[in-house]
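This document opens with one chain alone, in structure tokens, the form predicted alone.
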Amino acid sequence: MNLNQIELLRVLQETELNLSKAAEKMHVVQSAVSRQLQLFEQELGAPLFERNGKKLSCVTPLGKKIMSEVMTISQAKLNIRAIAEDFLKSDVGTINIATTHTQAKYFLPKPIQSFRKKYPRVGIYMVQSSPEQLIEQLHLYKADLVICTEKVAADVDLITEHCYSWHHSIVMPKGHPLSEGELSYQRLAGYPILTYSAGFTGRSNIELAFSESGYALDIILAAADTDVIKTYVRLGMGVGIIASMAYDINTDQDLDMRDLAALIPCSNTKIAYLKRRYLPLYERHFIDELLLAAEDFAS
């Protein structure tokens, strides 16, 4: 058993058991990858993968247990490198953030701008996707931090920190019937609704609230991007349910906005990272900037 074989298992997981892609990532020929895997399995005395011809089809029960240890070893290697770099140059590095469009556009600009003034030699890179894919980026070591509302609390391998709480609002063209009068589940259910795709920006809270009310929403369009929702509201297709923070008093003057805090529970945006991962000093300071900005953002 050697570290190259351990690394091979990690790369196989990352490439979804594709031997050809694993060989490419490790800069060797595929036959060398197959041989190393065969030697490793011989040493362990049992196969780690089921095979369909020459292809790996799935991980065996033993393989799943071994893979868990492999990820721990891989993280330890990354931690050792990160500790050394942090010790030598604590103000140089990169932060890879996995987040949603809403967080990237409406919450993150201020803390990132503030952080960059203090750490000009730290690069910040963003990946925007669905919450499930964002969390996967953490486990594949392609992201250092996740900032989103959905899904993170359910992952036991993550440390999560509460960032800020927020509510949904409705937006509609000026003069719309819902611009005035008391808002209720019944009134909202009477109009076509445009809102977030499942799994994005508090959509689960919207569904929960209306499910418990006994009224069904007529959702005719769902999107991950708030600007897309507002575009179709402007076309008169229906009423938009969006994050309150996504209403811009300057650019959205043609739309009326009304708060839905009384109807839809508040949503909580969280910061998450792997439990076993070493956080460099500059990354801990970046989290501090996020929490400081969250105090103003939520007020």
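When you see a residue number, it is the position in the sequence shown, counting from 1. Note that the structure is a prediction, hence the values are computed from the model and not measured.
The form predicted together with the DNA is left out here; the points below concern that form.
Think of it this way: in the predicted bound form, the DNA has a heavy atom of just one of 251, 231, 60, 34 within 4.5 Å, and the residue is 34. Taking 44, 261, 237, 28 one by one, only a single residue has any non-hydrogen atom within 4.5 Å of the DNA in the predicted bound form, and it is 28. Of the stretches 251-259, 66-74, 267-275, 51-59, only 51-59 has residues with a heavy atom within 4.5 Å of the DNA in the predicted bound form. Proximity of residue 18 to the DNA in the predicted bound form falls within the 4.5 Å heavy atom cutoff.
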